[in-house]
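Take a look at this single chain, the form predicted alone, given in structure tokens.
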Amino acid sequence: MLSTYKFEHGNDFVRICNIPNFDLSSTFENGQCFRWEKISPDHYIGVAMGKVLEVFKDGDDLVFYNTNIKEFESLWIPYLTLDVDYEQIKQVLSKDPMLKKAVEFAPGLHLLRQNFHETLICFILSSNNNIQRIKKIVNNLCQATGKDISYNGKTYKSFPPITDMQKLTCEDFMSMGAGYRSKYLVHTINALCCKDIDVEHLKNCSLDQARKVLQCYMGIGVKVADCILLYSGTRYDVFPSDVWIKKIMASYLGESPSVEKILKYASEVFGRYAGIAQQYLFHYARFNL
């Protein structure tokens, strides 16, 4: 897959020439991540994996600043899932008429492989919440305990490791805007510091087992577990089901389908690409239903 890309690079930039179907807005603004900021159309700066990355579209090219080719290959290609053959996946998914519409609506949408702990904390915060509020709470958390990262005369904050968050109290999280989720965070962070999750086990066990492992932690139900597994790049056979997915899945299953019915259908019909199908359907539903 990587051999299909042509790279130009220097000490602090990487350019991917004529990259097919990578759209910044549908990737960074679809609810899977919370630390990318839009500078202008097709121009973003994000904090991820302990780094600051600037990216913008230049014609058919993507240009990345504050990185070099060695780091880009080891860190950003996996993070941006540039090693995934989306064209082949889209061909498979587009056999379904509704998914064909969704794929054509956002052909450049990519899933991200985010840090597992960051994804877990962010999606505990996502419960009964909206994207802007989640971003604000996550920013408050990073400002309180993250490490400084300097770029272009500005100081950014990294997402803190679990061990650094252990010192935070329920009152601290409340002051950041986490609300009732504060007690979930304190409980789960302490539990993870005592015994961390084996991510390799989550990849290799059954989906039901992976969900059950995550649901042992306070604040994680089936939907949040699926989000954590999907947006950390741990597995793609999940199908997070929120209000938008329930709306669009009604066209498949009839009015007001249950979560159990949706998950069963997604597993049987979309299979190992269920999570990618979910992202196309979710993004399409938000703008068209």
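So that there is no doubt, residue numbering starts at 1 and follows the sequence shown. These numbers were taken from a predicted model, which means no experiment stands behind them.
Separately, the form predicted in complex with the DNA exists; it is not shown, and the next lines address it.
Contact between residue 54 and the DNA in the predicted complex is not found at the 4.5 Å heavy atom cutoff. Within 4.5 Å of some heavy atom of the DNA in the predicted complex lies at least one heavy atom of residue 126. Within 4.5 Å of some heavy atom of the DNA in the predicted complex lies at least one heavy atom of residue 179.
In the predicted complex, the DNA sits within 4.5 Å of a heavy atom belonging to residue 174. Residues with any non-hydrogen atom within 4.5 angstroms of the DNA in the predicted complex fall in just one of 113-121, 148-156, 91-99, 129-137: 129-137.
Site residues 22, 36 and 274 are none of them in contact with the DNA in the predicted complex, judged by any heavy atom within 4.5 Å. Proximity to the DNA in the predicted complex, defined as a heavy atom within 4.5 Å, singles out one entry of 235, 223, 261, 43, which is 223. Taking the DNA as it sits in the predicted complex, the stretch 220-248 comes within 4.5 angstroms of it through a non-hydrogen atom at 220, 221, 222, 223, 224, 231, 240, 242, 243, 244, 245, 247.
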